[in-house]
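Below you'll find only one chain, the form predicted on its own, shown as structure tokens.
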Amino acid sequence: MTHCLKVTGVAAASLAFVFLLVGRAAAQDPSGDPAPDPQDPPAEEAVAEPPVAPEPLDPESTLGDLLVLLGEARPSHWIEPTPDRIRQGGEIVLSGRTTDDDGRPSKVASPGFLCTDCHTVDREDPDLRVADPDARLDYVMQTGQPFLPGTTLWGVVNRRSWFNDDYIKKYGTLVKPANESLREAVFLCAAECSQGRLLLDWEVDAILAWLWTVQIRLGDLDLPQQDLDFLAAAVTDPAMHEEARARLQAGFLPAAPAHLRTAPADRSAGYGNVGDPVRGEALYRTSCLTCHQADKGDPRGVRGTFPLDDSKASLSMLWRNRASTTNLGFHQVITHGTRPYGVPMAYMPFFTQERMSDQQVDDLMAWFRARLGVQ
């Protein structure tokens, strides 16, 4: 008996130990972590922070500043646009001369031309991704701008090349440095295109400073909302910079395409399109008369070199000479321009395919026919 009782006591102790282990196991969750003591205060649950939406970008943000925010270095033609330089550059572009830092008048940049004789300083294309002269004519008819042979100076600082494509056929090796540098393009335009003098370095600095004030802004690109959201997020995420820059640059042409045109095989008949006289009249007024309108008060003489108006006398002269290969033939001068002559050395620049379409030339002819009553 005594032996049996002793064994029974050991067994009881063993069972108690087993029950203790089982109880501890039961108090654990499947992961093996101990269950919280019911007397402990309940633990606070972790709440995930909602993602912070990026601040929307201001539509007035300049393209140059946005590209810098997205990791791009300032281009070589960057000039800090200080008030004095902006004033000087704007005066040179718009009136041909300014005053230097000491208040002395500068020399006239060109005796025959202003920059704005060939270039407007405002947006001229409804869609900045294409060079469409027909859409451009519609746009300038709405905005009251001229329809000029040179591309607009608005946004020129945002381009990647200048004097590109077929301009090398006109200027030869002179155009090579100007193709890769806006600074060199300004020098070339002043000395060759404007038949003026070689500008001083500070004058080119001033022109560049002013040009940075008329650059493309984000709102001008008409980007879809998803691209705008992407750009806003990319500003603070370097991993997104390259794609963001690509989306920005896809919103406008990196260079103004320029390809030479040819005159129609039969200059008397034109290019063979059905002309629209209404658009032809608009073209005549916004393009031809912009430079050729008789203006005896013009001290530069540019508009008095070959004066025109909308009289039947002017239109008859142009119509009679439409097949001429001289400077009297409008097909000739639209296609090839004229050489500088006279004092000052005035001339007419040609229109590239992207600046005036074949259809527009036939529209011009249709207006001549309608105005003169000829077939």
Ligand code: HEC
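For clarity, every value in this text was computed on a predicted model and none was experimentally measured. The term rigid core refers to the most C-alpha atoms you can superpose between the two forms while keeping them within 1.5 Å. Don't overthink the numbering: it's just position in the shown sequence, from 1.
FYI, the form predicted in complex with the named molecule isn't displayed, but the following is about it.
* Answer with one of 223, 240, 114, 253: the residue that has a non-hydrogen atom within 4.5 Å of the named molecule in the predicted complex. => The residue from 223, 240, 114, 253 that makes the contact is 114.
* Asked: Of the residues 292, 123, 245, 85, which one places a heavy atom within 4.5 Å of the named molecule in the predicted complex?
  -> When the named molecule is considered in the predicted complex, the option within 4.5 Å is 292.
* For the chain seen here without its partner, which of 223 to 231, 265 to 273, 156 to 164, 132 to 140 has a heavy atom within 4.5 Å of the named molecule in the predicted complex? -> So the stretch in question is 156 to 164.
* in the predicted complex, does each residue in the set 119, 306 and 349 place a non-hydrogen atom within 4.5 angstroms of the named molecule? -> Yes, the whole candidate spot contacts the named molecule.
* Could you confirm whether residue 150 comes within 4.5 Å of the named molecule in the predicted complex, counting heavy atoms only? => Although the named molecule is absent here, residue 150 would touch it in the predicted complex, with heavy atoms inside 4.5 Å.
* With a 4.5 Å heavy atom cut-off, would you call residue 356 a contact of the named molecule in the predicted complex? -> Heavy-atom contact with the named molecule at 4.5 Å: present for residue 356.
* Asked: Taking heavy atoms only, is residue 288 within 4.5 angstroms of the named molecule in the predicted complex?
  -> Residue-level check for residue 288: yes, a contact with the named molecule.
* Asked: How about residue 323: is it within 4.5 Å of the named molecule in the predicted complex, going by heavy atoms?
  -> Because no heavy atom of residue 323 falls inside 4.5 Å of the named molecule in the predicted complex, the answer is no.
* Sequence order please: the residues of 189 to 206 with a heavy atom within 4.5 Å of the named molecule in the predicted complex. => Heavy-atom contacts within 4.5 Å come from 189, 190, 193, 194.
* C-alpha of residue 202 off by 2 Å or more between the shown form and the other one on rigid core -> Shift at residue 202: below 2 Å after core fit.
* Asked: Cα of residue 171 displaced 2 Å or more between the shown form and the other one, core superposed?
  -> It does shift by 2 Å or more.
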